[in-house]
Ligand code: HEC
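First, one chain by itself in structure tokens, the form predicted on its own.
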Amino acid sequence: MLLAASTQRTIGFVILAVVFIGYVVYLILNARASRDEVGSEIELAANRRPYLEDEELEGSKLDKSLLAGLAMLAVIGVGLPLYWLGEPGRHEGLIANTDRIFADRGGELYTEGSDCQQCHGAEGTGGSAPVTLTDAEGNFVATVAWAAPALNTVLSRYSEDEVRHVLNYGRNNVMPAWGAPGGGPLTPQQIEYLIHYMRRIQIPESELRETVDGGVRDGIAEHLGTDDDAAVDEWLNAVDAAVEEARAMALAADDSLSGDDAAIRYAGLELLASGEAPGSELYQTYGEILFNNPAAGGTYSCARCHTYGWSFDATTDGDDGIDGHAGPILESYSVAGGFFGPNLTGGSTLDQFETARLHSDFISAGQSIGATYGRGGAGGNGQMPGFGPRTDDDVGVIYPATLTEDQIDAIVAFERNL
């Protein structure tokens, strides 16, 4: 390791060489300048004790002192540079070891101490939680199985500060407050342990894409009324063709867009969202399927927050997870009618976001803690997730996007027509 070529090691060995050569030169010059010393005292003063003779003092005694000094210089000249060379590695090792210890403790809290896995599944794959519903007067309505989102991609959707906020204060009166600031049982340090554990269990982008796309394909199959993979592929190819045609129309209408892929993308999106491009209806249907994506308990959908009852299958009867209620709670969903998230119907997204580009950018980035958005979106606690890629500057990690750009754009086209 020490012999590996690196700038730090090279500097260390140069310092060692300079010290060694300097000391050799000092010995040579001192030897050449040496001469017999003439004592200043002829007789020993009465108040002084006799000491070593000059021959011994300037011989073996001096040699021992010089050797001790040489040894000390060797330790300083060699040891300190070598210690310095290892300092970056020790620092990195301390950080890595601390992360490992914190994540291990967070894993224990997740599985045993707080039993997060009971709702969110082993290693954060998603699950469900029993929740009691009441009416406006507090009367019992039903006990339902509420879909708990997957946490193995949570850092793709939220910053660590936003995750910390949810852990501390809970969410939507379904997830309880776990942190001491919200009245929960966990200390701030234990909350940090859980966050470190979540860092550990984040899945790679390939697995994330497979999960999201699997839910989309299931939605398409249900829409088509067939489980034929070829039919699903053909439908998706038609969606891609509609996107390409809309972008070609946008470029033909404004050749100043040439060379600007982002501008072409958003111009095509405006045509698809407004219904001016062929295949717009198909594209908006694709957006609706993405809006209602059931994968991982609706983790990657918009409906779990913007459609009341969607997270607990409110249109099903008591045999499908709803107890204590005669028949379904809802006859049908008010799609995007608002619940934990705002009502998106009646053209509200058009009022909030002047252009499809602004709308798409917001879904990609999500809401930041305390920041306003759109024309009048109030600053909040950042609980609207971001579905695009996210960079965590604090830990230097780039988390993959939950949804692709094309998927986000399709959702925009659907929402702008509600």
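In this text, residue numbers run from 1 along the sequence as written. Being a predicted model, the structure only gives us computed values, none of them experimental.
Beyond the structure shown, there is the form predicted in complex with the named molecule, which is absent from this document and is the topic of what follows.
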So, 148, 367 and 415: all three within 4.5 Å of the named molecule in the predicted bound form by heavy atoms, or not?
yes
Looking at 242, 264, 314, 344, which is the one with a non-hydrogen atom within 4.5 Å of the named molecule in the predicted bound form?
344
Identify, from the list 102, 235, 169, 158, the residue with a heavy atom within 4.5 Å of the named molecule in the predicted bound form.
158
Which is the contacting stretch out of 346-354, 66-74, 23-31, 389-397, given heavy atoms within 4.5 Å of the named molecule in the predicted bound form?
346-354
Would residue 182 count as a contact of the named molecule in the predicted bound form, using a 4.5 angstroms cut-off between non-hydrogen atoms?
no
When the contact criterion is heavy atoms within 4.5 Å, does residue 304 count as touching the named molecule in the predicted bound form?
yes
Might residue 114 be said to contact the named molecule in the predicted bound form, defining contact as any heavy atom within 4.5 Å?
yes
So in the predicted bound form, is the named molecule close enough to residue 308 to count as touching (4.5 Å, heavy atoms)?
no
Contact check, 396-414 vs the named molecule in the predicted bound form, heavy atom within 4.5 Å, ordered by sequence, gives 403, 411
